[in-house]
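In structure tokens, one chain follows: the form predicted alone.
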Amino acid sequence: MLENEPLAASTTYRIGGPARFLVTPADADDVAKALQLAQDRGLPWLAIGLGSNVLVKDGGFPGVVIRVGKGLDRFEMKGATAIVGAGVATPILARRTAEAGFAGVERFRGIPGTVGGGVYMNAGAHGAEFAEVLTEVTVMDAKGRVRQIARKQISFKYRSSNLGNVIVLEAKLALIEEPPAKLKEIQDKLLRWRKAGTPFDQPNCGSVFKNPGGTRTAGALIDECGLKGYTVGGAQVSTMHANYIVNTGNATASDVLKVIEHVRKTVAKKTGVELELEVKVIGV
């Protein structure tokens, strides 16, 4: 447990002020202790994985940040069922299951987060999402109580769920047998597409806005408005993919938020579409 620890190193944006406490749990008991710490001190708490899909404000987070990773990274195949800890990186899940000859999450190879966050927000890529393969999730509530929730009890929507005020600890996924060579071919093709069309080599949070539905994506709408390359301080609308705002080296959260605001206003004015954030803005 670290006090007043800058969160920039814990996010894929490489942006963010300090957490009052940053806890890296070695097991579920440590998660419960971190939640107890928050309760005892009357502090808010937040769980993160690899720190993608979040923008931490420059003032940081005035509570307990629980970074779920090593220690909660179980990976086991029981037949066609994958039992996966919340701390497993989603690209590793995609690679391991494909190598074992199981399909269902092979298209997740480029998702820059962990299984816990992926399940909680129903992450997806290339037409696939966690809601399609999840059969059961193990969660811990704010009082440290652990329970299993069946898929049929969870309401998933596009990039959201109704899991509420819990931390995902583990997930069971129902997969289908497929030849590893076929799955590798699919993954190689999708990775080539992602590397060619997204800013892999610059710090970012992933997609900033949700796709609004219809025929045009958020990226296409932003591009149509001529906003690629729009810059405030160290934050820039990617010239490769307009739904990414990249940290060019010295961006602050304030820079990113100013870019977000300009993009939303411009797209609304020119197209009539109100873009909704996919990235979670946290802190003060």
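One-based numbering along the sequence shown. Please read all numbers here as calculations on a predicted model, not as lab measurements.
FYI, the form predicted together with a small molecule isn't displayed, but the following is about it.
- Only one of Ile222, Val237, Val256, Val54 comes within 4.5 Å of the small molecule in the model of the complex through a heavy atom, and that residue is Val54.
- For the candidate set Ala218, Ala47, Ala38, Val246, a heavy atom within 4.5 Å of the small molecule in the model of the complex is found for exactly one residue, namely Ala47.
- By the criterion of a heavy atom within 4.5 Å, Phe200 is counted among the residues contacting the small molecule in the model of the complex.
- Among residues of the shown chain, Tyr120 is one whose heavy atoms approach the small molecule to within 4.5 Å in the model of the complex.
- The closest non-hydrogen atom of Leu183 lies beyond 4.5 Å of the small molecule in the model of the complex.
- The closest heavy atom approach of Thr266 to the small molecule in the model of the complex falls outside 4.5 Å.
- Only one segment in the set 96-104, 190-198, 174-182, 148-156 has residues whose heavy atoms sit within 4.5 Å of the small molecule in the model of the complex; it is 190-198.
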